[in-house]
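What follows are structure tokens for two forms of the same protein chain, given separately as structure 1 and structure 2.
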Structure 1
């Protein structure tokens, strides 16, 4: 075939540059969905694979950091990338982001990731920490426009008061969702005064809608959070990996609110019972104090009575003794008191003969004159 003389010639390098320019212009990025084939990782860093369908196959190139988790050939993938002609290795699409697509592949990817993270111990029961009940400050990660947000705040407000809820609004589905959710978890953890619990919620949706909460990055961020976490994604039947990694799993956003705070109605009833019990205990204590006082009064009376009785009997003894020892009693027994003329009691017989003395007997007295000693 003759060369067309009118067509400009280009070098190989120029051709590659020109083609890349044209590709850039036509596809600043392109999202392709296809079945994964020939998946391989090189040097723990580079990822090579093909996406194919019934008729075609396209090569892709990326890094392990872009992987949504472990992958297996045959899974359906959605890959966003930039088509490029490499100066040595030919055509491939450079990966910008990738995620499993379709229920089956999402489930498969989640199963593979779950197996890998289970081996690492991310879901171990021993890692679960208690969540303060009720917390005074909650860090909430969700979409503010979502039904999950409305349900959660409605139940919290109905049940309890005095909680500070800090919300970080994130996309809960779509490509930016995982990075935003991870960013919000890290932001709460980095606060000077972090909340007491981080609550991550999302309402129901298809497996694809909920996929962000089963990605490796979100699951790892939940497991790595220093602040305890409660995660509720979708309905009761949906179980995301983030929920498995959480300290507490709630079945729904409303259930998360119920697990976090008590119901003020129940507490009011409890408080009323406590108030009644307080009144009763107060009365019991006063009654006991009164009884004790009455016992003390009785024993005081008894003590005084006993004291008087004892003293009285001592006095009576003294009285008897005094009566026995009195001069009158002695005189009655036949003794006499002899006094000198001057009235002094005589204790000695040394007196002059002829002296006048007075003699007192039990019954009356007389005077007498002494004679010579016999």
Structure 2
């Protein structure tokens, strides 16, 4: 059959260029959902896989840096990419972003990533750090339009107040969410004076809504934060990998606020009860001290009285002894004291004849003159 003379004739290279130009114009990007097949990683850098459904299969090309975590054939994947016709390798979709789709695949991807990061020790209890209580400054990563943000700030201010809350507004679901959350964590960590704690919160939702917080990028960013972290995602039954990597996991955004600051009303009531108890204990101690002092006083008085009696008895004994041994008592027994004319007591009979002496008896005194011995 002869060629149609009215059709343009182009080279192979021109054809590829024209087709890619048409694809760029018609599909600058496209999101495709399908079952993962033929997944492989080349040279620890390049990623190749197919997405398929019951009737068709499409090839994809990307890098390991775009992976949300470990993947396995058979998982349902949502991929955003740019359709391209390669000049050597044919048609494929260049990956812009990818994430598991459907609750089963999201759970499977999270389980694979959890096993990988557990082996690395990212969830070990020994890595957990204490969180300041209460902090003076909080770095909050969430959506300002969310109920989680409203609940968290309301409870913080109602319970304690005076806490500075610096907020970085991010998307908490969808394709941009992981990169924005990671960027917010890194931004807080890069500050010269970072907050005392970084809090990452979002309310409840479906498995796909919460999937950003179980991606490898977000989980590693939480684990690598030099600032202590609290993560509260969804409801109490929801558990994300970012929560496992955090220093503290809160069951809900409201619970995160409760873990960070005390309830000032409850604290005031507690302090009032403690003050009353201290007053009561003080009164009891004072009464006990008074009773002890009274007992000590009585005991001291008795001791002094007994000491005085003992000293008086000793004094009386010495007094009697002195009375017995006194010169007056001796004189009463018939003795006399002889003194010379000068008043000195004579202790020897060797005195001159004719000397005048004084003789003292019990009832008086008289003088006498000595004579020679016959």
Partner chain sequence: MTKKLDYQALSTELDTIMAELQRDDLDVDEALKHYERGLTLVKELEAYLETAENKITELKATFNKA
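So that the term is clear: the rigid core is the largest set of C-alpha atoms that superpose within 1.5 Å between two forms. Numbering follows the first chain given and starts at 1. In this text, all values refer to a predicted model and were calculated from it rather than measured experimentally.
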Pair member which, unlike the other, is the form predicted in complex with the partner chain: 1
Core-aligned CA displacement of residue 129 at least 2 Å between structure 1 and structure 2: no
Rigid core fit then residue 235 CA moved by 2 Å or more between structure 1 and structure 2: no
Displaced residue check between structure 1 and structure 2: residue 272, CA, 2 Å or over, core reference: yes
Distance moved by the residue 298 C-alpha between structure 1 and structure 2 (core-aligned, Å): 12.9
